[in-house]
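You are given structure tokens for the same protein chain in two forms, set apart as structure 1 and structure 2.
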Structure 1
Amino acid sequence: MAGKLSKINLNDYKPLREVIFNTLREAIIVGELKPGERLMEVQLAEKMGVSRTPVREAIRMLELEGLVNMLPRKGAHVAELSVKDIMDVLEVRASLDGLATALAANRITEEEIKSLKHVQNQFANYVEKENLQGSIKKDVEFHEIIYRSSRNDKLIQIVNNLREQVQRFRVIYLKDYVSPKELIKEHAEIVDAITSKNASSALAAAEKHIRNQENAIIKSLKTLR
């Protein structure tokens, strides 16, 4: 996986603080900056070719998002992923995905079904080729099509509020701790339920998909510790 932390493009049209914030957030989400790792302002600033001030400001913004913890006398550290954090977020995600998928089964258009199947196939190809970045991108697209197909703006808004936390879990799950065949099968079950307009089966398939993700991530973290 290519490193996210490199020289910042100073010609970027966005404010420097925002560029650094997005760069550090992405590095945390994809695991380049690991849970518990100390964030040294001087080292990060040198690596990105900027001054310490915007790095310090970006770290404070990351703290507000819950991705960084400020520890007394120890400075800033990447927030740890506790089992409770995972359970809390994915319990909510399972319910939201179940509802979104059930609604999509009743409201999805034929054009959206075509898009969903296309992304499903792309995802399967990336997973089988062990292409992590491609798998992550297509997994996000797969679920976003389902959310849009629910035609429920409030539901989509709530899901978006969990986006960064869910993305950290998604990277862990796809990177090291998943059976490719099982994951592809779970996506296929979701697609089959949606295309057959079976809302109850769609809900069950989506919840099963997230529960399996939760169990796999918790198991892996316990093993590592």
Structure 2
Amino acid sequence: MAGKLSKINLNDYKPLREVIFNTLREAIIVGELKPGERLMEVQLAEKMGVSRTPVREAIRMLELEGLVNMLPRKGAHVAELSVKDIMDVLEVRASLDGLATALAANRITEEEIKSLKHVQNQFANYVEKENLQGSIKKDVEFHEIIYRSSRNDKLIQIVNNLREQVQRFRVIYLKDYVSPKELIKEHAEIVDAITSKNASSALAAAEKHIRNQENAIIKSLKTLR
């Protein structure tokens, strides 16, 4: 009896620092905590009903992830994210998405191809229906399947971090972002390349996909002025 229950309870303990880390990270990514905003330990600790210790540890982790900057003895503040920063990120991401997609073309399983196509369809449907939340979610899923199919854990870890930064940039600068219909075609190209196990065209398609995002961002930035 109770085998399932006790198993779950034993494994899902999370130290406070992790809870706080995730909470703060999420808050930074969705823009609830704005760039430059100070993170004061007592204030955060009180708001969350804990002591300063786990808050400090969470901040140390955010610092290494690049979401906050620290000045010794002056405290932490939410990292700024310049256009140059995000261009750097996208430059790297184009390359790594290319790599991931090429690897996926070589290593993906039949089941994964099936679910990739499934998510591809769901994405297209949401875009047609102009369901933004849904389409974003499916877009993320789509790329996650590809990353997982690369069978390269280090690559997955890095790309996740890059995506996080792009997401954050969008929230800060492009609050009204909508996924354009061209994405459907680009996804189709990627799927075709993967399905036909053509690594080099998979690489090209994925790179192009990111480059187009980059251009879209540049264009949006120009219209903002």
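All residue numbers here follow the sequence of structure 1, with the first residue given the number 1. Think of the rigid core as the biggest set of C-alphas that the two forms share within 1.5 Å after superposition. Here the structure is a predicted model, which means the values were calculated and not measured.
One chain, two forms displayed separately, with the form predicted alone being the first of them, structure 1. Superposition of the core reveals a Cα shift of 2 Å or more for I28 between structure 1 and structure 2. With a cut-off of 2 Å and the rigid core superposed, K197 has a Cα displacement that falls short of the cut-off between structure 1 and structure 2. If you fit the rigid core between structure 1 and structure 2, you'll see the Cα of K185 move by less than 2 angstroms. Fit the two forms on the rigid core and the C-alpha of R168 turns out 3.4 Å off between structure 1 and structure 2.
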